[in-house]
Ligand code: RAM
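Take a look at this single chain, the form predicted on its own, given in structure tokens.
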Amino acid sequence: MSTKKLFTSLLLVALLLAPILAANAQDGEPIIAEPGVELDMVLLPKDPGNPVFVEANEGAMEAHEELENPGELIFTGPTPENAIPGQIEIITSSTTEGVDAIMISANAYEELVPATTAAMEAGITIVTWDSPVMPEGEDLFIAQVDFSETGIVMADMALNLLGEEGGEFAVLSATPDASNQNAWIEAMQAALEEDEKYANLELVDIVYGNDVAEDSYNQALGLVDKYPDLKLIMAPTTVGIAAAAKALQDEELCGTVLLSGLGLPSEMESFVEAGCAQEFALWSFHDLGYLTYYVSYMIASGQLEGEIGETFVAGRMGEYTIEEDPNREDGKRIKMGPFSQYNADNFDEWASGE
């Protein structure tokens, strides 16, 4: 970010917000964003071709227009084959170009930190969303839901589908480096070990499809071949669950091997109708992109400091407070919530928009 641009942005913010922030400091009211500050902002997902990240970009674009930012919103990301190095390259080049904020769904928890730290030292706001980096490499994290809650939801869906009789199930995840999915799986494993109600659920394997449809398809088939008594595949990835559903459909195993996890409803509709996906959950990626943009804009423009205890209004989504991240020491987060769960009983209601 150039010195001239920084000075201009801060001066504008100071003039516009001084009376507002002073009043808020006195009466404890949540901070309301002042529109019109010129900021160049980068939305950096794990894979820009993934439909959930396309939805997140649509949400960010909504906030960009609502906040009347005359700067640029850049949506870019790596290919699946170059996931981690590609994100590092984009962070580094964005730092050189002097953007004001980079909003990252991280492909790796640790490897991106040198690049994000260098960006922060250059005065760039780093907000992670969907999947964080280590706390020292970000200003804060926008959590879609509580990671431990995700694990319990996965365990409960497995129990709901397999019943008290239980049986063997396996996890088809994205990549071994995906910090969000690793945390969800660990939380699910903890729930399985700690609560007697899950005693008959047997987790036999965890495999990775790299969030690539073909790889995930082949991994699903591999699980079926390796475990003849497999009753359920749990896929906490929208790419993985859709690929697994297609694999089960092609092998005429729908209903013989059940399927659950985290899926995008628009991608899963035909599989639900065919009986190839019994129950899954997700949150709104559109809203996640919208909230992420709001927070990043307010921090980059100086309207929020990004400190624990600050309360603000994120447009149509209402009031949020920055809090300690219970899952990461020294981490700060904003939790969006909530989950939505889908099955054959409520899917028609979702599809009709009721």
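Start at 1 and count along the sequence shown; that's the residue number. Every value quoted in this text rests on a predicted model; they were computed, and no experiment measured them.
What comes next is about the form predicted in complex with the named molecule, which is not displayed.
- Mind telling me which stretch in 161-169, 230-238, 109-117, 134-142 gets its heavy atoms within 4.5 Å of the named molecule in the predicted complex? Result of the contact check: 230-238.
- Could you check which residue among A247, A101, M188, L262 gets a heavy atom within 4.5 Å of the named molecule in the predicted complex? It is L262 that has a heavy atom within 4.5 Å of the partner.
- Message: Give me the residue from S216, T125, Q87, Q181 that has a heavy atom within 4.5 Å of the named molecule in the predicted complex.
- Response: It is Q181 that has a heavy atom within 4.5 Å of the partner.
- Task: May I ask you to check whether Y320 falls inside a 4.5 Å heavy atom distance of the named molecule in the predicted complex?
- Result: Taking the distances in the predicted complex, the answer for Y320 is no, it never comes within 4.5 Å of the named molecule.
- Contact label in the predicted complex: D211 to the named molecule, heavy atom within 4.5 Å: Taking the distances in the predicted complex, the answer for D211 is yes, it comes within 4.5 Å of the named molecule.
- Within a 4.5 Å heavy atom cut-off, is L282 in contact with the named molecule in the predicted complex? Because a heavy atom of L282 falls inside 4.5 Å of the named molecule in the predicted complex, the answer is yes.
- Query: in the predicted complex, does N50 have a heavy atom within 4.5 Å of the named molecule?
  - Reply: N50 belongs to the contact set for the named molecule.
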